[in-house]
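There is one chain below, alone, in structure tokens, taken in the form predicted alone.
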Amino acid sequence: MSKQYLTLHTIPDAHPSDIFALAPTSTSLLSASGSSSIQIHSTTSPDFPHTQTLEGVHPLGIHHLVTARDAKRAASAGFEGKVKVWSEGEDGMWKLDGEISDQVKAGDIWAIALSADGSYLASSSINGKIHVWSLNEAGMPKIREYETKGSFGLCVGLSQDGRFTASGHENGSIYVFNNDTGRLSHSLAGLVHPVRSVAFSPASKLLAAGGDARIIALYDVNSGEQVANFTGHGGWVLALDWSDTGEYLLSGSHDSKAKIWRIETRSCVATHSHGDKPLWTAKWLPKNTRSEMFALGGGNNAISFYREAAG
């Protein structure tokens, strides 16, 4: 059974270059690109008005931007190698909280993820190590370092319950670490090619992973077993995001298409094209209305918003 989604609004030229990251909060959408600024749009009005620009955040551009699910906190990673942490004030304006600097060397940080409560930040690195920082402690110290086989960590994810960190690597490796014990839980097989996105389901029971194999693999987090494969993208899978209920998985690809997958039936229920350029980022928006909504960003410099058609 397919689902219908309508284009609700498009912000053309939201950024002057490729949009690499979208990061939603309960009331807004933060976006980042190859340029140095973060743009913020309200998601509570039908025309998604622009509310703030954070200027000159990372001089060489921003490759990752993430928000905490249950806290007014964000983090950005720039091509110059720095990670900055942000918080939203009572007035709705975002401001700089600080910078990750404890034991950071060049190449130490690539992909980033925030815990649901905004207390911890995980990062991947060029040398394959996975780091975790405590953001609420003075100086934002590094508290964990996970070793892998040394392949470039292209993506990283934190489970909503805070128990697991996952990473995907250039050599096709996927690792799941137990944050309670500080040990490797699973080394997951199956994708062979570079893995560019990993995402835990809301209940932290499943892990989705995708990349250059053009396949989305689904793993049981507790057993490490691969339980499903989703095929249909004609290019690298660049983005994965679960709906609030865990019923659906949103994927974005280098083929410029977004797909929505129903987990229960293991089937694709909707496909949308976002121009003819790579679709770098795809995110569900928190469900404030009865209708599901998601946003897409990529190489056409625009942000498009979609809403589920009322049945």
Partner chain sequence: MMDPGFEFEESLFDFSLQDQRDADWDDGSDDDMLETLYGDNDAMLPFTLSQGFPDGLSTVPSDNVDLGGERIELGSAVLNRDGVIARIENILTKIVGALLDDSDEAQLSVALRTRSHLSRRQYDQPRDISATPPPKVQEISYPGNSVQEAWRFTVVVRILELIHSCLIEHVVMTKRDMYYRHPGLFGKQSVVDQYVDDIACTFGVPRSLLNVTAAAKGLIAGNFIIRRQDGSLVHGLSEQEGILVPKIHEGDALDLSSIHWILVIEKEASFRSLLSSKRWRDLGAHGLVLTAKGYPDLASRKFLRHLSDTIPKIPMFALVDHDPDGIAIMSTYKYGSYRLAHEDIAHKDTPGLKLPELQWLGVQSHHISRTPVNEGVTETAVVTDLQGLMRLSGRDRRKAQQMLEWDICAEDGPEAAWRTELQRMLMLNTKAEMQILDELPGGLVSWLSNELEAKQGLSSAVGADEEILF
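Residue numbers count along the first chain shown, from 1. Keep in mind it's a predicted model, so treat the numbers as computed, not measured.
The following text describes the form predicted together with its partner chain, which does not appear among the structures shown.
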Looking at 95-103, 192-200, 113-121, 218-226, which lies within 4.5 angstroms of its partner chain in the model of the complex, counting heavy atoms?
192-200
Does at least one non-hydrogen atom of residue 80 fall within 4.5 angstroms of its partner chain in the model of the complex?
yes
Give a yes or no for residue 288: in the model of the complex, does one of its heavy atoms lie within 4.5 Å of a heavy atom belonging to its partner chain?
no
Is residue 238 part of the interface with its partner chain in the model of the complex - any heavy atom within 4.5 Å?
yes
Would you classify residue 242 as touching its partner chain in the model of the complex, given a 4.5 Å non-hydrogen atom cut-off?
no
Heavy atom within 4.5 Å of its partner chain in the model of the complex: which of 276, 264, 47, 70 fits that? Just give me the one.
276
Counting only heavy atoms, which residues in 43-82 are within 4.5 Å of its partner chain in the model of the complex?
59, 60, 61, 63, 79, 80
